[in-house]
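This document opens with one chain alone, in structure tokens, the form predicted alone.
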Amino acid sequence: MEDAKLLRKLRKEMQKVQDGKRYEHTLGVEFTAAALAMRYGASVMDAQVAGILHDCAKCLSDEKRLKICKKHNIPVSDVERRSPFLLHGKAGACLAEGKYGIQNKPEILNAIRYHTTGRENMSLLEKIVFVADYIEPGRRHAPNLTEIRNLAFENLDAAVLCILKDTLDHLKTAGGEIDPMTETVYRYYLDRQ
């Protein structure tokens, strides 16, 4: 399918399944991922597709996300079982492949899968979507947002590290449960600075 036609189709699909606020966020992530891809020499098309689909499972119920993971034999941690909204990346990768036709594109699927917690040794596209999700233009209330937005176009790894640190700090302050993957990924990128 022609690139422009695929993007239009995916946007229409997301508009159907997401509420207005989530859809605006999705468009912001698509736009920001494309800009970061241009900056760092990644595939702009892959960045746009991953950006459009990154939250395709966000509006599903917790039960549906758990069911998708079970059906596809995706391991679910204790933290994810207690907070199934954390599974929207994993479930989203399944939907992207099965429902939205993203076949033979493991880079795109992994960018969707890991956009929430990140993972050790992320690919360029994975880092782009992870950062784009945090800095997209509609985001208003994240700590250090202006600094991270600037940093994202100067040093992507440093932006990933700042996002992870701010996320962990926020969860500790708010008393939220921390996914161990986020701590592992933070230590990984901290050791590489």
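These numbers come from a predicted model, not from an experiment. Counting begins at 1, following the sequence as shown.
Just so you know, the form predicted in complex with ligand DGI exists too; it's not on screen, but the next bit is about it.
A.B. asks: By the heavy atom within 4.5 Å rule, which residue out of 86, 91, 122, 102 makes contact with ligand DGI in the model of the complex?
C.D. replies: Result of the distance check: 86.
A.B. asks: Just to be sure I understand the contacts: of 126, 46, 30, 55, which is the one whose heavy atoms reach within 4.5 angstroms of ligand DGI in the model of the complex?
C.D. replies: Exactly one listed residue reaches within 4.5 Å, namely 55.
A.B. asks: Hey, in the model of the complex, is residue 13 touching ligand DGI, heavy atoms inside 4.5 Å?
C.D. replies: Result no; residue 13 lies far from ligand DGI in the model of the complex.
A.B. asks: Taking ligand DGI as it sits in the model of the complex, is residue 178 in contact with it (heavy atom to heavy atom, 4.5 Å or less)?
C.D. replies: Flag for residue 178 set to yes.
A.B. asks: Test of understanding: in the model of the complex, would residue 182 fall inside 4.5 Å of ligand DGI by heavy atoms?
C.D. replies: Residue 182: yes, in contact with ligand DGI in the model of the complex.
A.B. asks: Could you tell me if residue 139 has a non-hydrogen atom within 4.5 Å of ligand DGI in the model of the complex?
C.D. replies: Yes - in the model of the complex, heavy atoms of residue 139 and ligand DGI come within 4.5 Å of each other.
A.B. asks: For the chain shown here without its partner, which stretch in 31 to 39, 61 to 69, 140 to 148, 163 to 171 has non-hydrogen atoms within 4.5 angstroms of ligand DGI in the model of the complex?
C.D. replies: Heavy atoms within 4.5 Å of ligand DGI in the model of the complex occur in 163 to 171.
A.B. asks: Which of the residues spanning 7 to 44 lie within 4.5 Å of ligand DGI in the model of the complex, based on heavy atoms?
C.D. replies: Counting only heavy atoms within 4.5 Å of ligand DGI in the model of the complex, the contacting residues of 7 to 44 are 22, 25.
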